[in-house]
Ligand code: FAD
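The data below hold one chain only, encoded as structure tokens and taken in the form predicted alone.
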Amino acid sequence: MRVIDHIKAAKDTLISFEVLPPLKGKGIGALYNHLDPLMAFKPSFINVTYHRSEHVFKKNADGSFQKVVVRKRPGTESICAAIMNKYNVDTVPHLICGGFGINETEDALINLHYLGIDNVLVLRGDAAKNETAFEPEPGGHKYAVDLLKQVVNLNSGIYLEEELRDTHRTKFCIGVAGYPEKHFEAPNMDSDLQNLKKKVEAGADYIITQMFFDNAKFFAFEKACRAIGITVPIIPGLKPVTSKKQLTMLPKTFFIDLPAELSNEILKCKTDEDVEKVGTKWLLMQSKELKKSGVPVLHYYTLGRPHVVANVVKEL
């Protein structure tokens, strides 16, 4: 079932979760252990992240260096299929620009369609670790809106090989990312919102936000979206704070702010166990306020802390 259809059929706020594929060399059992306590809450869908390949240089015996492509978390498509098979829940694989040419993207979409997956979250993705700025793959997409248009074309039966006739149409529901605190590369919030509007006008069915810890920023973002004519559902993305190091890591990595009230409480904590209690309480407060406001879905970035999210959703 498509995400947008879940939302249209819902009578109350839905729940969804986001997980990472296992690290290469690890089995899928750890992921199942991660999801098991969360499935009791009957999530409408599970997002599975995609991590692009990295280029590393290995030194040869003769002193020269060999460029090697490495993917630390392979298997997003098959992980989605495995989750669907085990839990009978819809999945949303992330689809990114980085590391793919347009032909590889089309093949990936066809594979997803064959697996019965009819949702994708379309993202540009981050720059490679050895790049200072995002560089598209030769023959690949530079912006998420261009990747989105390729998905829309496939939904219309338009393939890259123009000579194909009587083509099958896919039915992907397409989500895109929104940034309540602005994408870090955008010069200002207005330009960021206009870029988001272009993605919606190109065919996005819904928006899911970057994590935030101040609901006022989400409500302001939602209001600004509506003011410029964006009418699709906007899903808030939420994450618990569970350690002191996240006070510096989260703003640095995701270009977001933590409210002074939250950071002050965390600084008082003596252990990460104490931080987890503060983070759980804050996430519950956010969730209750957002649910009361009528958001369509509460989307939780679980990322290694399923028990914290489980405790919050249980209280809801």
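Small disclaimer: the values here were computed from a predicted structure and weren't measured. Counting begins at 1, following the sequence as shown.
Just so it is clear, the following notes concern the form predicted together with the named molecule, a form of the same protein that is not shown.
Just one of Lys244, Lys72, Lys198, His113 comes within 4.5 Å of the named molecule in the model of the complex, counting any heavy atom, and that one is Lys198. Here is the short version: of Thr170, Gln150, Gln210, Asn215, the single residue with a heavy atom within 4.5 Å of the named molecule in the model of the complex is Gln210. For Tyr206, no non-hydrogen atom is located within 4.5 Å of the named molecule in the model of the complex, even though that partner is not displayed.
At least one heavy atom of Tyr143 is located within 4.5 Å of the named molecule in the model of the complex. Proximity of Leu121 to the named molecule in the model of the complex falls within the 4.5 Å heavy atom cutoff. Taking the partner from elsewhere, His183 is found to have a heavy atom lying within 4.5 Å of the named molecule in the model of the complex. Comment: 171 to 179 is the region of 171 to 179, 105 to 113, 219 to 227, 77 to 85 lying near the named molecule in the model of the complex, near meaning a non-hydrogen atom within 4.5 Å. Residues Phe17, Met285 and Glu315 are none of them found to lie within 4.5 Å of the named molecule in the model of the complex, as judged by heavy atom distances.
Taking the named molecule as positioned in the model of the complex, the residues of 94 to 110 that bring a heavy atom within 4.5 Å of it are, in sequence order, His94, Ile96.
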